[in-house]
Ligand code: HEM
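A single chain, nothing else alongside it, follows as structure tokens in the form predicted alone.
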């Protein structure tokens, strides 16, 4: 993934999170049934349906072979990521923040869970993994320094030139206790981050479950709109 993609998607997710509670500032009860609101809803629904292209191509072998000859899987993933955020944004705009229907509220919540779980899996877990590798590398360096000092204090190793001045007066003057504290703090931070990664590692289960619920609610929403008729502004 590129930094540009991460920043763009992050900005879109932030926009979505600001738009979702927009009913606190603005409510337009009739916008969803207007021409503009209807077009936004249709565009958002189309993007949400097109999200299925990536998982289908990825997991259905015969489809994968035919599609990836012309379109790389990474391009489909990029479309999946962008459409997965833009679609809900259009859906929120379509609602006019008129959260009166339990079905509409449930659909908005499902879309938010799908977007956030996807963002966690695509970007945040990668960030956590990079941070863990960096911390583990630092911890290995600190442990090596600790072992070196401990061997020196035990007389099992010649005193390095960079430590000679510190042990000239008394061996107890070597700053090993601050090093031990630093190692302990870093081990605790790594353990905490590892637990976070394990918890968030279940993002795919949440993502898939929320997606199934979202498509079910979307189908009901479209059916109810067609059944009860579209309301057009005069």
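Computed from a predicted structure; not experimentally measured. Numbering follows the first chain given and starts at 1.
One more form of this protein, predicted in complex with protoporphyrin IX containing FE, exists but is not displayed; see below.
In the model of the complex, protoporphyrin IX containing FE sits within 4.5 Å of a heavy atom of residue 59. Contact annotation for residue 24: none of its heavy atoms lies within 4.5 Å of protoporphyrin IX containing FE in the model of the complex. At the 4.5 Å threshold, heavy atoms of residue 100 reach protoporphyrin IX containing FE in the model of the complex.
Interface membership of residue 9, defined by any non-hydrogen atom within 4.5 Å of protoporphyrin IX containing FE in the model of the complex, is confirmed.
Checked against protoporphyrin IX containing FE in the model of the complex, the candidates 190, 176, 63, 42 yield a single residue with a heavy atom inside 4.5 Å, and that residue is 42. If you take 32 to 68 and check each residue for a heavy atom within 4.5 Å of protoporphyrin IX containing FE in the model of the complex, you get 32, 33, 41, 42, 44, 45, 48, 51, 52, 54, 55, 58, 59, in sequence order.
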